[in-house]
Ligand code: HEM
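In the form predicted on its own, a lone chain appears below as structure tokens.
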Amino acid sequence: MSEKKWLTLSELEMTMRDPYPGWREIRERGPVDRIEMPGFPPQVRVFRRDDAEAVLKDEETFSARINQESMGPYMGTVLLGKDGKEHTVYRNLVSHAFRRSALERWEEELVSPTIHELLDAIAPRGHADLVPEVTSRYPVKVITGLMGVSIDDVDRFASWAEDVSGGPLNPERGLASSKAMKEYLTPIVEDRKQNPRDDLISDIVTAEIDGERLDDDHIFGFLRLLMPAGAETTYRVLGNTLLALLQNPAALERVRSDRSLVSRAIEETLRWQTSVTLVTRVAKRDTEIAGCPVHAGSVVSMMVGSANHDEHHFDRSDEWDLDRPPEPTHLSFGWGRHLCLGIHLARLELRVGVNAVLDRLPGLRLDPSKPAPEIRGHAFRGPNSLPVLFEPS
């Protein structure tokens, strides 16, 4: 196990731009490294795919409750912070809302109309920046639509969700926005309790299994989590996918001609540039990872972005390859009991989004007069700008 040193500002900038070379060096030195900071529990980072998968599966040794400790003050009780039977009961109660029939209805009534409405605004122009105008707005509008948020309040609600997600960095704003979100959602939740409809919140508030139902803390915790978990991650992956295609014009034309390749392009992007690069647990007892000792109370971070580039599993792992075999799978949606609850909604939004962009923006290409777009970030990665040209329609 290697010890981690502090980064210089130039090294930090390079890491934000492209952390993968550094992660490769760490994988070559050993399976994990350790970060020690005075006043904080030791942190162990896991860089190889097999080790990351093993930790994510081992709920007896590694607990997800650290997520409740960090986000609970701002979100309330969250699924991400539960273990064992408690997690199973909670997940079963909310998973019904994401059933196949609901996804099919959402695609027709909400997801597809949302992306086409955004594309309507840019299609006649022949140029756009897809991140601020399309990709960053699309999943936000879908999630707020599922929650019954008025279209006039979407931006305000999204801002609250961003503050809640960043609560540990700015507690005052996080707590204020958490309170505002609950006040906004309370009349919607109370109405659905009395007058259930065929929608997501009705499914959540009326769900019952073996006499178990969600109390208000669980309901509002789930709703506060839904926006950052479902919107930010999806919009970044959509931007990453479009950029991968735009940087590979031959692949773009193949996907445009054969739409069965859309899902393959999305899955390869999830592996190549996942939007969320790490997942955190805490060791419940003294243990080891790949032969390296880990003490009870240590924070254990699975570096998912690194695991998805593990050269022992993925040939030419730093390359985006439309023809990459589907096995082994990436870890971008997690693994085991904590596999992302919204995995099917995310894939639906990505598939519908990519297809709509290809349908509505013929001749799509990067704008050579603008700075070349970059995927940036460490914990969350995606392009901040995606300037393109296309044939007006």
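Throughout, we count residues from 1 along the sequence that is shown. On a predicted model such as this, the values are computed, not experimentally measured, just so you know.
Separately, the form predicted in complex with protoporphyrin IX containing FE exists; it is not shown, and the next lines address it.
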- request: Using heavy atoms only and a 4.5 Å cut-off, decide whether all three of R105, I115 and L361 touch protoporphyrin IX containing FE in the predicted complex.
  value: no
task: Have a look at L242, M75, I219, I143 for me and say which one sits with a heavy atom within 4.5 Å of protoporphyrin IX containing FE in the predicted complex.
output: I143
statement: Only hit among L79, M147, L252, V299 for heavy atom within 4.5 Å of protoporphyrin IX containing FE in the predicted complex is L79
query: Within a 4.5 Å heavy atom cut-off, is T234 in contact with protoporphyrin IX containing FE in the predicted complex?
result: yes
query: Given that the partner is absent here, does G342 sit within 4.5 Å of protoporphyrin IX containing FE in the predicted complex, heavy atoms only?
result: yes
message: Residue-level contact is defined here as any heavy atom of the residue lying within 4.5 Å of protoporphyrin IX containing FE in the predicted complex; does R337 satisfy this criterion?
response: yes
task: Classify G230 as contacting or not contacting protoporphyrin IX containing FE in the predicted complex by the rule of any non-hydrogen atom within 4.5 angstroms, answering yes or no.
output: yes
Region of this chain that lies against protoporphyrin IX containing FE in the predicted complex, out of 362-370, 26-34, 345-353, 321-329 [heavy atom, 4.5 Å]: 345-353
query: Quick one: which residues from 91-112 get a non-hydrogen atom within 4.5 Å of protoporphyrin IX containing FE in the predicted complex?
result: R91, F98
